[in-house]
Each structure stands twice: as structure tokens, then as C-alpha cells.
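Have a look below at one chain only, the form predicted alone, in C-alpha cells format.
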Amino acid sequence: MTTDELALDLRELHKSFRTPAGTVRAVDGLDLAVRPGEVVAFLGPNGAGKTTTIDLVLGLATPDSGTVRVLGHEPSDAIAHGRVSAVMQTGGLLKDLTVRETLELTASFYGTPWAVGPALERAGLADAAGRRVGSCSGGQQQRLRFALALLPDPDLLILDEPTTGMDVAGRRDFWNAIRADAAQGRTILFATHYLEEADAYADRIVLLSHGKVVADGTAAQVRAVASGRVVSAVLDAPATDDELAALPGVDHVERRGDRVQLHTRTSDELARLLLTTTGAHDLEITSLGLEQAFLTLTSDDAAPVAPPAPATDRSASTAGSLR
């Protein structure tokens, strides 16, 4: 895949801000490549650089150095042609208009009046079309922002905390609609504090800390690289904790009744060793939670994660790999 075929191509991005306390590096050498049709979760603690990166992609800020390409173009060009839409947390709504009037007004700017009805349906707002925006709940207003973003039929949809204010059923319906969009080729990049949403709905998780990408992969890969896995088994022959700890790849040993739990970063190799040399049975391999991985990788004293092996295709080296 060439650079021009990528939905997002961010290279060596740097962005700093001057504050009374000194210079803050919001984005510090960030690289990211996203393929068309991917659903990518953008995670990180407050101050990690998520919002600044989104601002750079949307052309709301200019990088100090580095390049931003959106669908093969400069951000301003991609946005001017209606190929990029964003759903932000707040703002952008006139509370005295009805939901339908808001959509009709915005559709007139794009010349897409026929898109109003489908947008209402896909956002789950058909029953609230005549309601004034100011009387809508927070979740309904967020659905309206989603409907507005659909009007130009964008190729790239950027979501900043998109389900804030929605109830459980609303969040589920929203993400079902997002997945349906992605299945049709639309690229989704979303920032969220709901880790379970990232785990359930994202193809990839990109984890930021201090303006850098510290992990990039599936939820399972991020959990594994951050916290390792637990290999649990019942042993036919007794073994001491010291003997088990001496096995290759074992970091920590625990016992739960007749089962041993071995914490490791090389679970496949350890499982083969147990099954072939110790008479282990009822073996299970489990990953620790995404929340624990998040905390581990974004802590101030987190150890650096080794980068992936070099690849000739830039998109293949970043999409779905671990940094």
C-alpha cells in the first residue's frame, strides 16, 4: 500500500506549547499510519497528546515539524472536499433549532439535502427530529453531532469521546452503526476513556503517553506486551515454586488450590514446555485486562516497549503491530 492510499499518514510529528510553567511537548515524534476501513482507538491519559494530534489531523493546529497527510492530501484540502468529519464532545449546536432543522441547515452547506433522513435513522434520532436541541439529553445531542458528521458522507470519521452522555443501550447501538460504516470502507479514529469500548469495537488500539505512541496493536497484543499472560495448569508431578520459577520465561509463580499460575511474556513456549515435559493438564492461557495494560504502559516509570521489526511497507509496519 502506498502513502497516498493511507487514510492517515503521520510522520515524526512534533508540537509544543509555551505555558507559564515552561514549554510543554504535547506531541513528541509521533508516527501513525492507518489503512482505509480500519477502526482505531486512540487511548491515553489526560495530557498524553490525543487532542493535539486530532487537532493536527483536522488542520486546527500546525505541527512544529513533521508531516500530516489525510487521504493523501493536506488536512485542509481533505476537509474542504468533505472527505473528513469530526464528532467532538461539546459545542457546535444551536439550541433553539430542532434536530431536523439543524441537519437541514448543515446539509444545505454541503448540497446534500437527501442525506438528512438517512442520517436521522442511522443516529437513532428519527423519533426526536422535531425536538429542540436545547431540550435534548446529552446523549441525544451527541447523536446529533454524529448525524451532522454523516451528511457529507466522509471517508474518514474522527470521534472525540463520542458516547459521552449515552446510556448503555445507546452506546451499543452507536457502535453497531460505526462498525457498519467501517464495513463499507469508512475509516474511524476515536478517542475514548471507556476502555471497554476500545476493547470491544476497535480493530487496533494506539496508546499514547507523553506525546509518543507506546503501543500499537490489537487489544490482545497490547495486553500481552504490557502485562504478559498467565499460564495456568494442574501438574501431575509435584514441583516447588523455585523449580517452576526457573522455567524459561516465567516471571512469577502463584498457586490456586491444585493449580499453578505462571506469569510470563512467552506463553506459547511455556505452554509447550509444560505439556511435553511436566505432564501438565487442564492448561489455560489468559491475558490480563486492558485497564492494567493501560496503567502499566502509561505510567511515568514504564519501561520502553521494543519497536517492531523494520518493514519495507510503511503501512504494514505500523498497522496492527506493536511499538
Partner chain sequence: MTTTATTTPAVRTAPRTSLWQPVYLRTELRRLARNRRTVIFTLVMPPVFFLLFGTQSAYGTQSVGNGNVTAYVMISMALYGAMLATTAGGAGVSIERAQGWSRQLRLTPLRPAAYVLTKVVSALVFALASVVVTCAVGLVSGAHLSTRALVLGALIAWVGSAVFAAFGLFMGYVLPAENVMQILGPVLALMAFAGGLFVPIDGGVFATIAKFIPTYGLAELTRAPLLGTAPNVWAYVNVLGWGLVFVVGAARRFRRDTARV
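Numbering follows the first chain given and starts at 1. What you see is a predicted model; the values in this text were computed from it and never measured.
Missing here is the form predicted together with the partner chain; even so, the following discussion is about that form.
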### Summary
Partner contact check in the model of the complex: of 278 to 286, 260 to 268, 37 to 45, 23 to 31, the stretch with a heavy atom within 4.5 Å of the partner chain is 37 to 45
### Query
Quick one: in the model of the complex, does every one of Met88, Gly91 and Asp153 get a heavy atom within 4.5 Å of the partner chain?
yes
### Task
May I ask you to choose, among Val213, Ala233, Leu120, Leu148, the residue with a heavy atom within 4.5 Å of the partner chain in the model of the complex?
Leu148
### Query
So which of Asp173, Asp199, Glu161, Glu104 reaches within 4.5 angstroms of the partner chain in the model of the complex, heavy atom to heavy atom?
Glu104
#### Entry: in the model of the complex, Lys95 touching the partner chain (heavy atom, 4.5 Å)
yes
### Message
Does any part of Gly66 reach within 4.5 Å of the partner chain in the model of the complex? Heavy atoms only, please.
### Response
no
### Query
Within a 4.5 Å heavy atom cut-off, is Ala177 in contact with the partner chain in the model of the complex?
no
### Task
Report whether the minimum heavy atom distance between Leu58 and the partner chain in the model of the complex is within 4.5 Å.
yes
### Task
Heavy atoms within 4.5 Å of the partner chain in the model of the complex is the criterion; list the residues of 198 to 218 that meet it.
Asp203
